[in-house]
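Okay, so here's just one chain, in C-alpha cells, the form predicted on its own.
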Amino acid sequence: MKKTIQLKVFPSKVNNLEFIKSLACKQEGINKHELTDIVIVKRSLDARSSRPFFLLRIDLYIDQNIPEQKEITSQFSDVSDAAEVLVIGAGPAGYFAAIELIELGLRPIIIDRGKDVRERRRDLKAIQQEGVVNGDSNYCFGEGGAGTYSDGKLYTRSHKRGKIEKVLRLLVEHGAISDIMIDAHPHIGSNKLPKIISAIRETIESHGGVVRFNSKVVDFILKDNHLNGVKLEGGETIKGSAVILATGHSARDIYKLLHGLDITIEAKPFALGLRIEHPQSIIDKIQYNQTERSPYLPAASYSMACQVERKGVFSFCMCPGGLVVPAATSPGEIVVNGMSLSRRDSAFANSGIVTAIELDELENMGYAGVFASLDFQKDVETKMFNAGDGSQKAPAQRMIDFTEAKLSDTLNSTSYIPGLYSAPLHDLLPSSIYYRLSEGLKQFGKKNTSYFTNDANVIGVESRTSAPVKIPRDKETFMHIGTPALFPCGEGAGYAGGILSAAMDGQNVAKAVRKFINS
C-alpha cells in the first residue's frame, strides 16, 4: 500500500532519513517493520514562524516495494538517417527540443553562434576582468544559453506547459543532484551546470544529432514562403524539414533579420530596472529572525511586489548567496544580472528590482513600431555605458541615496568583479521609471525597515528580464503565423521565462514539428 502524508521537520533533521521514517511511523501509527520504504516527493521551507521548519510531502510504502522507474535516455534510438530539423540556439529551449526530437525519431541539427561551455569561460573571464565583450560568446550567448552562467534556478509557475518532472529527471540523469526533483524552489548552480549541459550534448550526439558551435545564422532560406534552411556567416547553407528558432531574448540581429524578410514580429512589453545587492546577513535576519543564520538553513531569499501608478514593481531573479555579473552582449552596453553557485555561500544577496514597461509608455517617450521595446532597452544600456569610463564598471548608488536622488559619496562592497562607480542613476533612468522604482523601494522598506538601507547598493541596469520582441505563432500548431516550417520557441520568441519553461516549450515545439513533418 502507498500512503501520502505531510510532515513538519526542523532544519537540523531534514536530511536524517531514519528520523523522518520514525516520525512518519509515529504520526501515522505504523509499525516500523511494516514500512518498506519512503520517498520524499516535495520539500519546502516555511520561515514564517519564529522557528523555521521544512514541510515534507512523503509517499510511504507499506508492505510494498517502490515501483522501478526507467531512465528516460534509455528510450532513445539512433536518428542518424532520420529527417533533419534545424534547431537554432543551444540554450534550454534548443537542447530540450533536440532531446525530444530524438525521442520522436527526428534528427536535430543544432546551430549556435557561441562556443561550448568550456571555451565560453574564456570570454566570461574577458568581460569580467578586462571589460572585453565578445558579441557571440558572453553571459547570454553560447552553449546552455543565458541560464548556464546565471544561476540555474529551476522554479516556474508554468505547470500547464508540460511535464516538469520529465525535464527535471533528464537533468538528474545528466548529472544534476536528485534534490531538484523534490525542492519547491530547485537550484543547480552555475558551477554545476556546465558539466550537465556537456552531458546533454553528448546524449544528443551519441544518438545521431549534430551540434555546431561558432556558427552564426545570417540569413534564412525561403522557398514558396516555407522556411527550409539557413545561411551561416561564411556562406555555408544548411537545410532541414523545419526550423526551430530558439535564439534567446538577446539575439537582436535575428529580430532584425526576420523583419527584413517580412516575417512577422511584434513589439512586446517587458520589464526594466536595477539590481539590488544587500549583505546576505541582512536578508537572513529579515527572513529567519535570527542574528546569525543557523548552519542548517540555506541563504535566505525574498520576493517583493507592489503597485506604483498602477504599474508593477517587483523583484526578479533573486540570487541568495550570489554574485552580480556583467551581461552585455555587445560593446558599448552596461547590463547586469545575478547568479549563484551551488552552495550559495557568497556574502551577498542580489535581486533585480524592475518595473513593467508597456508599449503606450514607450510611445509617449518617442519609441514606436516593432522595435519600440528593443530600441528603448538598447538606449538605456548605452546611456549607462556612456556615463562611465568605457569599461564594464557599472553605475551605482546606495539604496536610500537613490530614492532621495542623491549622488552617493561612497559605495558598499560588492560581488561585481568589474567594479562599481558612483553615478546618478536617478538621472540616467527615464523620470517615470526612476519614480516607480524609487517609490517601490520605499514601499518594500515599509514592509521591512531592514530592507530599506544604505548598506545596499543599487546597480544599473537590469534590462534583460525577457524578450523585447514577440515572434507570433499559432496556438495549436506552434508554427509561425505566416511562415510555414518556422517554429518560434522559448524566451527569445516570447513564450518562456526561465530554464524550466523554456525547456518545456522546446519539448512542446518538437512534438508540433513531428506533426508538421508527418502531415
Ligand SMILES: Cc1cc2nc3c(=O)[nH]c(=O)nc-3n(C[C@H](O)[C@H](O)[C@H](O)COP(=O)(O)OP(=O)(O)OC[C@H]3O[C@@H](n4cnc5c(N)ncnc54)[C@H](O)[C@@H]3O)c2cc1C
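The first residue of the sequence shown is number 1, and the count goes up from there. All values reported here derive from a predicted model rather than from experimental measurement.
One more form of this protein exists, namely the form predicted in complex with the ligand; it is left out here, but the text below deals with it.
With the partner removed from view, the residue among Gly322, Gly273, Pro108, Gly248 that has a non-hydrogen atom within 4.5 Å of the ligand in the model of the complex turns out to be Gly248. Checked against the ligand in the model of the complex, the residues Ile197, Ala176, Ile254, Leu374 give one hit for a heavy atom within 4.5 Å, which is Ile254. Within this chain, Phe141 lines the site of the ligand in the model of the complex, having a heavy atom no more than 4.5 Å away.
In the model of the complex, at least one heavy atom of Lys216 sits within 4.5 Å of a heavy atom of the ligand. Interface membership of Gly498, defined by any non-hydrogen atom within 4.5 Å of the ligand in the model of the complex, is confirmed. Taking the partner from the other structure, the ligand in the model of the complex has a heavy atom within 4.5 Å of a heavy atom of Asn337.
Heavy atoms within 4.5 Å of the ligand in the model of the complex map, among the stretches 413 to 421, 197 to 205, 239 to 247, 292 to 300, onto 239 to 247 alone.
Using a 4.5 Å cut-off on any heavy atom, the residues of 93 to 113 that reach the ligand in the model of the complex are, in sequence order, Ala93, Gly94, Ile111, Asp112, Arg113.
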